[in-house]
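Only one chain is shown below, in C-alpha cells, and it's the form predicted alone.
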Amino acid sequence: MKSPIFVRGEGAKLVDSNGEFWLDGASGTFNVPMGYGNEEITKQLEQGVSLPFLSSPFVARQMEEVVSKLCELAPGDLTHGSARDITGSSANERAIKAAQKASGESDVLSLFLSHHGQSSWMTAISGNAYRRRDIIDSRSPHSLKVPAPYCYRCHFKARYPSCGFLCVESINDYIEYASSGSIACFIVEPVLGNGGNIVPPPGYFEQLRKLCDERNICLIADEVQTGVGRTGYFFGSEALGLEPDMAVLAKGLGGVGLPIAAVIHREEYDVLESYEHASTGAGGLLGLSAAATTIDAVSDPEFLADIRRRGEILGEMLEELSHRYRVIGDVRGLGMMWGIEMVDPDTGAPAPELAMSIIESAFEQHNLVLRISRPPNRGNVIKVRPPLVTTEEELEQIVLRIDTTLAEFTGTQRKAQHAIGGL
C-alpha cells in the first residue's frame, strides 16, 4: 500500500495532495480522538508556539491542573499523580516503579495478549509482543503472564457465565507455582487493545479486584488505548466496572495527536522522587495545554453520552455484517472501539491473511482501518476506532466500505457505494 501525502483534515476526514478525500477509521493510531483541525484545541496551541517547552519546575502549575482534572474524573480513590511522561510505555513504567517501591515487591502480572508498550521493559511484560522479543533480549525474570478473559477463544475451553471465572481463579495457581511469590502489581487493559479488542465479560473485573485485595496486589489500569472517552466513558475502567489503584493515560490525552501521558493513583503510591522517573521532553507546554483542553471537551456528559449513542450505532452496523458474512467470527467493542475477528468460515480458525487483504482493499477505497497483531500471532482482528467526533454519516461510510470489501472477497452481492462529502 503506497502511503498518501495528507495536507489537511477536518474531523474524521483527510485530504491528500491530489485533492482526494479519505476517512480515518483508526483515529491516527488511536491518538487523535478529537479528529483533525479541532479549533478548540488548535487555538490553545497557537498560544504555546513561541514557548513550546520549559523545564518541568516551570510548568508545575500546568501539570497540577491536568492531574487535578484527571483525578476528579477517575473511578475510585485516585487522588495523586503525574503528567511527566510522553508515551504510554514510559507512563506504564512509572506506574510499575511506584508499585514496586511502595510494596517492596518485584513481580509484575499481566495478561496473555496484553500490550503495554514497545520499550524493552514493556515488551518484556506484554503478553502479545509480536516478534519484538526476537531482536532484543527483553526477557524479564519479574514478569508473569496469565490467561486473558477472551471468551470467544477461552483458554480453558469453558463457557461464560458457567465458567466461574476460571481465568481469574487460575491466577492463584500461577502465583503459587510460577512466580517468585513477590507480586508488586497486576497491570491490565480495560479492553485488550492490540490483543484483539477483547472486552472482558461482566463481573470479571470485580473478581479481579477481589483477588488483588486478598493478595495485597496493586491493580493498574492501562488506559492508554481505552482512556479519554474511547469507550463512551472518560475512563474505560468506569465502563467495565474496574476500580484500579492506578490508571495510566496517553495516546488520546493530547487530543489531536500531541504526545503526553499521565499516571494517577491512590495516595499510598505517591512514592517516587522526581529523579527516579523523568525525561527531558516530558511536560511540554503544548502537550499540557492540549491535554487540559481535551479533558474539558471529552468529559462533558452530553459529549460522552453521544459517543455511547453513536458507538451503539456503529456496533449494530458491524453486527449486521457478521450476520451476512461467515468470515466474521465475532464483533466486539463499545463506544468508538470495535474489533472484527476474521476466521476461516469452515473451521473457525483465525484468518490473518484475509484480515490483511480486507484492510488493503479498504485502503484502496480511501478507508483507513488497521489490523490487530501480526503473524505469528493471530493478526486476524480488524480495528475500527474512528475519532470520537465522527458523524453518523461517516460511520455509515466506514462500514459501507468494509461491507463492499467483504463482498468482493466472498462473492456476496454488495451495496452501492456513495461518495463521502468534501471538507
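The structure displayed is predicted, hence computed values, not measured ones. Numbers follow the displayed sequence, beginning with 1.
The form predicted in complex with a small molecule exists for this protein as well; it is not shown, and the discussion that follows is about that form.
- Among residues of the shown chain, residue 92 is one whose heavy atoms approach the small molecule to within 4.5 Å in the predicted bound form.
- Taking non-hydrogen atoms only, residue 76 never approaches the small molecule to within 4.5 angstroms in the predicted bound form.
- Shown alone here, residue 333 lies farther than 4.5 Å from the small molecule in the predicted bound form, counting heavy atoms only.
- With a 4.5 Å cutoff on heavy atoms, residue 246 does not count as touching the small molecule in the predicted bound form; it lies far away.
- Heavy atoms within 4.5 Å of the small molecule in the predicted bound form are found in one stretch of 217-225, 306-314, 102-110, 201-209, which is 217-225.
- Distance criterion of 4.5 Å from any heavy atom to the small molecule in the predicted bound form singles out 87 from the list 123, 87, 293, 143.
- Contact annotation: of the candidates 194, 237, 82, 231, the single residue with a non-hydrogen atom within 4.5 angstroms of the small molecule in the predicted bound form is 194.
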